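As a starting point, one isolated chain is supplied in structure tokens, in the form predicted on its own.
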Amino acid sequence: MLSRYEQALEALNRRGRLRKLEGRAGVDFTSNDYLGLAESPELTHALQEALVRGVPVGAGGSRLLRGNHPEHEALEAEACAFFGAESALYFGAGFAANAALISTLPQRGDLVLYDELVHASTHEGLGLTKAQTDFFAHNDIMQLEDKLRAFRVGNKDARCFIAIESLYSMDGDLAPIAEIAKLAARYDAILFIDEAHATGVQGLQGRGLSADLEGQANIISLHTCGKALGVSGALVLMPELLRRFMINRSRAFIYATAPSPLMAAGVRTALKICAKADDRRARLQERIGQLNGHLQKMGLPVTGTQIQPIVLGADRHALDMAQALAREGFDIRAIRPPTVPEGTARLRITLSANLTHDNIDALGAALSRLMQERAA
């Protein structure tokens, strides 16, 4: 009865794509805890204080039943003030929020144009939407405009949506947001911006790369809370009308148990820390520059962000290199298809403000030696 699943797993193993859960070991060059807040005393104290004042761990139901807690509403109000948006909706996870947006807002006859490298959560929503869907080449403004123009010729009344990330999670590069926003305005399109990896790191006070666009009627942004903010959940910022529509029509919101009120309290504190975390962001930028120096000496391309891929090509090469680095005391994971395109298996190095200069230099030396051995 279960043999087909065993065969599928064996096939993955033969291709070097079998995944398994592994414990934490080595210096952290793989998490998304970019500001080093996840285990910080500030957040620990905030959650302890919230428990003392009676904030519950569990919500007990969906927010449309008894699960709506004052901590949820306080967080959403504070998020609006911090990011400059008209309204906010708190979800239990970024994956659920992204999938909910794409599957709920675009309607039959509409079009969703998405960057070919958008996150799997966006693809989840694309698989559920009744709208038409099409992709454009990564960060290709000209192709995006061509497809917008072609759609508008015969669909003057239909709505078009554009889905992008601001900082791409596997490549570490930035979207040309200002140019895409101009196209969205020109062709009467709604722009979804997934800020997951920019929140807390990019922009004034860590408000992300879409901060200057917040509050506009055609802008929706998603800020996950489990990466640089160090807690969990996701905030979707949007016009109030669309918030009300999501509350009434999004199955992922209506039928899900509400996020933990305790986590909402933690996110409230994380936003306050983030607003004053220029020292952490400066330290992170120093580490980025330091690692870039090592990589450039090896002749490797750099992104200039806290996400640095080293593309090795074959799945086994990426796995072997990750295992070799683990033996050297570094936690760096191999990323393989289908998470990345075929033939682009890679190491994904991420940096945190918690890393020291010595950590970066040690990694640079180990990488240089291992890359030389691989090339020999």
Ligand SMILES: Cc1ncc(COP(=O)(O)O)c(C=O)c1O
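Please read these numbers as outputs of a predicted model, since none were measured by experiment. Numbers follow the displayed sequence, beginning with 1.
Not on display, but discussed next: the form predicted together with the named molecule.
Asks: Could you tell me which one of Phe95, Tyr187, Phe135, Phe151 places a heavy atom within 4.5 Å of the named molecule in the model of the complex?
Replies: When the named molecule is considered in the model of the complex, the option within 4.5 Å is Phe95.
Asks: Name the residue from Arg281, His119, Arg207, His72 that puts a heavy atom within 4.5 Å of the named molecule in the model of the complex.
Replies: Result of the distance check: His119.
Asks: At 4.5 Å between heavy atoms, is Leu229 in contact with the named molecule in the model of the complex?
Replies: Judged by the heavy-atom cut-off of 4.5 Å, Leu229 is well away from the named molecule in the model of the complex.
Asks: Does the named molecule come within 4.5 Å of any heavy atom of Gly266 in the model of the complex?
Replies: Although the named molecule is absent here, Gly266 would stay clear of it in the model of the complex, with no heavy atoms inside 4.5 Å.
Asks: Please tell me whether any heavy atom belonging to Thr224 falls inside 4.5 Å of a heavy atom of the named molecule, as the geometry stands in the model of the complex.
Replies: Heavy-atom contact with the named molecule at 4.5 Å: present for Thr224.
Asks: Please run the contact check for Ala196 against the named molecule in the model of the complex: heavy atoms, 4.5 angstroms, yes or no?
Replies: Residue-level check for Ala196: yes, a contact with the named molecule.
Asks: Can you say which of 95 to 103, 289 to 297, 212 to 220, 199 to 207 gets within 4.5 Å of the named molecule in the model of the complex, counting heavy atoms only?
Replies: Flagged stretch: 95 to 103.
Asks: Under the 4.5 Å heavy atom criterion, name the residues of 332 to 355 that approach the named molecule in the model of the complex, in sequence order.
Replies: Residues within 4.5 Å: none in this stretch.
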